[in-house]
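In structure tokens, one chain follows: the form predicted alone.
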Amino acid sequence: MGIRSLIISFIFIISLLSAGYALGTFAPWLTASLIFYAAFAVFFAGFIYRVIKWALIPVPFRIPVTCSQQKSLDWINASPIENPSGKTGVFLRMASEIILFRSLFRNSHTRMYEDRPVYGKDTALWLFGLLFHASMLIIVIRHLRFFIEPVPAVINKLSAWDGMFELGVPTIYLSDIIFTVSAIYLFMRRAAVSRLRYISLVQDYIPLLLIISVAGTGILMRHIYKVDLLKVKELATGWISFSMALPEGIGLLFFVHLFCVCALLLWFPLSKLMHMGGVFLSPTRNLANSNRAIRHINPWNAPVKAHTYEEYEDEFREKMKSAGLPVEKE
């Protein structure tokens, strides 16, 4: 993300905050609704715009990144997933990448031991990354109960499974703990490891801080400074049905939580969080390595008038024969 996008997003968030402060004194429901609708509009519009923009970029050559044997002769064992030659292999490769973060599992680290580099496996990033994304998905699905009435049974079952240990009142969700711990690890890893801190920019920290803020305010609302969830649901369903009304008695912490969520949604299309959509469009992942089996022709090539050898010989046959050069036709 360039510095211009960074400035634009900051100005937009600050403008929303200023508008909220100005309007909040006499129309709090309008403030909350304005921020909610603006954040979701920017998120969906920006997400769709960037995905369409990436999808329209020409990819004239097959450039899959491979790390194993390509399909060739029958007696040579090929790797259909690491080096796919067809659609099935590409599908399995993409599925393992998106669901299991396969490439991140091969992450390694280097350290110096007796003046020589030693390479070792580093699965901590893979583990916390996988837990972070899985728990975030569960939390997003659980939050749908605030926008849907009646609540689908699958969401109730997921919530029951998430709080199966029944610790505390209300129940502590496993996904809340895992999500918060994983986000803190990802932030501390970037802030504490010197080589990562050296290559990190401000826009690398902001999404993690927003995510930690969302998780922190959410946990505080649920377990310490409790808010009336029925009124929160009344507000959320009102937004979905465009019946703007702010129920009385919703605490300030809820609006802090809402603002952090909206700021994250505004930030999303402008940041590297767009890897959620971009991973499906990566030509290094979603193309089969069939460069040697199939002749791929760039569809954007300009038309070229070919001069075959047969035409060449027809044109210069007599001169070739007089020079003693062999010809295919007499």
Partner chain sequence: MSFAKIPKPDELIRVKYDMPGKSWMNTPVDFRPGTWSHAGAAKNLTALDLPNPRAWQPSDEDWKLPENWQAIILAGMKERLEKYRSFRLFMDICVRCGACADKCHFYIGTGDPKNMPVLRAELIRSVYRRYFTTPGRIFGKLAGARDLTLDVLKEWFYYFYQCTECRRCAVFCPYGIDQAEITMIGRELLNLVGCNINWVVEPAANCFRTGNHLGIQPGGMKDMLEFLTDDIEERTGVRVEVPLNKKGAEILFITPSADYFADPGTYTCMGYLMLFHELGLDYTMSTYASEGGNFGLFNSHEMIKRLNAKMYAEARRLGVKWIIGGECGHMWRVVNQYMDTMNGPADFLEVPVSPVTGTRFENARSTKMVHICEFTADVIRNGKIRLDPSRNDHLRITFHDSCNPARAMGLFDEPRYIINNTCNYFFEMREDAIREKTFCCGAGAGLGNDENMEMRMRGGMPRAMAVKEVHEKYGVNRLACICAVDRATLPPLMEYWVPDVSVMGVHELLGNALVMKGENERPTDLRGYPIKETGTP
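Since the model is a prediction, treat every value here as computed from it, not as a measurement. Heads up, when I say rigid core I mean the largest set of C-alphas that superpose within 1.5 Å between the two forms. Residue numbers count along the first chain shown, from 1.
Separately, the form predicted together with the partner chain exists; it is not shown, and the next lines address it.
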Which of these stretches, 136-144, 199-207, 220-228, 170-178, has heavy atoms within 4.5 Å of the partner chain in the predicted complex? 199-207
Please tell me which of A192, I148, M112, A160 lies within 4.5 Å of the partner chain in the predicted complex, judged by heavy atoms. M112
Any non-hydrogen atom of I155 within 4.5 angstroms of the partner chain in the predicted complex: no
Any chance S108 has a heavy atom within 4.5 Å of the partner chain in the predicted complex? yes
Considering non-hydrogen atoms and a 4.5 Å limit, does the partner chain approach K71 in the predicted complex? yes
Could you confirm whether S103 comes within 4.5 Å of the partner chain in the predicted complex, counting heavy atoms only? yes
Given a 4.5 Å distance limit between heavy atoms, list every residue of 57-86 close to the partner chain in the predicted complex, or none if there are none. I57, P58, V59, P60, F61, R62, I63, P64, V65, T66, C67, S68, Q69, Q70, K71, S72, L73, W75, I76, N77, N83
Core-aligned, does I76 move its Cα 2 Å or more between the shown form and the other one? yes
Does the C-alpha of I297 move 2 Å or more between the shown form and the other one once the rigid core is lined up? yes
